[in-house]
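Two forms, one protein chain; structure tokens for each follow separately as structure 1 and structure 2.
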Structure 1
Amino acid sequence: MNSRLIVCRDCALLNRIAHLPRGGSARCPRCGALLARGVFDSIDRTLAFSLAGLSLFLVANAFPFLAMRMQGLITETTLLTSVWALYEQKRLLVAGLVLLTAVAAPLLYLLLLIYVLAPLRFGLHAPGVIPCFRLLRRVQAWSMVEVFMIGVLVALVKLADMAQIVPGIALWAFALLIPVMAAATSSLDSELVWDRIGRPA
């Protein structure tokens, strides 16, 4: 494992990569794509960030993220109740899209990471670990918590002159979830995981 061959995803150039120092990264000399990252203790770190992320995700979904006060009336909303509100207005496509990108994909992403990495940490392989890890990259593309956060901020400012808006606990959990998920992603060394879980060549 001192040096490894990586075919660039973006331009198909074959690269030989020497062992990377901690924090180092290798880029494709031809097109500049990121090829590999040197992460120390990748499995433990990614697992820790995923577990932290899952806890934050549960808080972010269990509590209201915004409350609105207007002429004595209060409404508050959680992620799932906002999806439900769209569903009630028969906007199924939009409701489905929000459910997928703000709830299902981030949750599945964190669960898949934990499912693959937790047993691996103790040298075990979870059943179906290979399809699960293959699924991970696809799920990641649909997880958009950071975009959702910008949406919340825009909505907050838009409503500010109409009513009094109170941010809830879930909003802070969401704000923390974003860097934690990014840290989980950047500390994952897929090549290392594939080496451990893949069928022996």
Structure 2
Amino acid sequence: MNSRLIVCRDCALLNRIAHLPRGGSARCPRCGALLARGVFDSIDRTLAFSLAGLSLFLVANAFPFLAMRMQGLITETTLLTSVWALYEQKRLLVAGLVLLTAVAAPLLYLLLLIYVLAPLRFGLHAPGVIPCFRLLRRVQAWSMVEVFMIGVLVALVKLADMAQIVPGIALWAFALLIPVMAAATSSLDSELVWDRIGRPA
């Protein structure tokens, strides 16, 4: 029978899980925690969301994030120039955190998803796919585009009385990136990927 062993993350009970139908789920008999889900077209959907997310990420970094109009002067800023501005103000920790959580980690997460899933889509394995998939799960914890977006919205509210704020195309792309990345994460069936690439010893 096509089955696999899964340890419950909540109570550490070892469970044998049979193949799940699309849309089905398996729960721990001891504590009721979710063990696995049979996600519908997991690889195709996750790959599509990842490609869409990468496109939005490139737009969010290539175009102005917002423009401030004050006393006839217009100042445009991009995501990377805001990081550089923080660096010039000697706020190195904040600049590093913004660069890591809003630029580096999301980009690496999307690239790793595509690198792992695109070959699987055609029945192939990318070189080093197992360490890349492990790294992907670690990078995911540092991708915090939604936290950065909340910070931007708070800043916009505070600056509204001082200058006219004109949202740029990058801001809208960044706002769309949040649900797209969330959709990619929720549609990813890690157990299916491990089964396809071969579980490490």
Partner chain sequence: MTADVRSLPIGCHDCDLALRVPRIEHGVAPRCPRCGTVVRHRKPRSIARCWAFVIAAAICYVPANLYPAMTVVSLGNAQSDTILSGVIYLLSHGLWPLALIVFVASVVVPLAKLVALVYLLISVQARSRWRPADRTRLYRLTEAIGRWSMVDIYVITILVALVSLGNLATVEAEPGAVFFGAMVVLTLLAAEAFDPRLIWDRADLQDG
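Numbers given to residues start at 1 and step along the sequence of structure 1. Remember, it's a predicted structure, so these values are computed and weren't measured experimentally. Definition used throughout: the rigid core is the maximal C-alpha set that superposes within 1.5 Å between two forms.
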Exercise. Between the two chains shown, which is the form predicted alone?
Worked result: 2
For this session: Using a rigid core alignment, state whether the CA of A182 is displaced by 2 Å or more between structure 1 and structure 2.
Result: no
Exercise. For L13, is the C-alpha shift between structure 1 and structure 2 2 Å or more after core superposition?
Worked result: yes
Exercise. R134: with the rigid core matched between structure 1 and structure 2, does its Cα shift 2 Å or more?
Worked result: no
For this session: Quote the shift of the Cα of R30 between structure 1 and structure 2 to one decimal place in Å, the two forms being superposed on the rigid core.
Result: 5.2
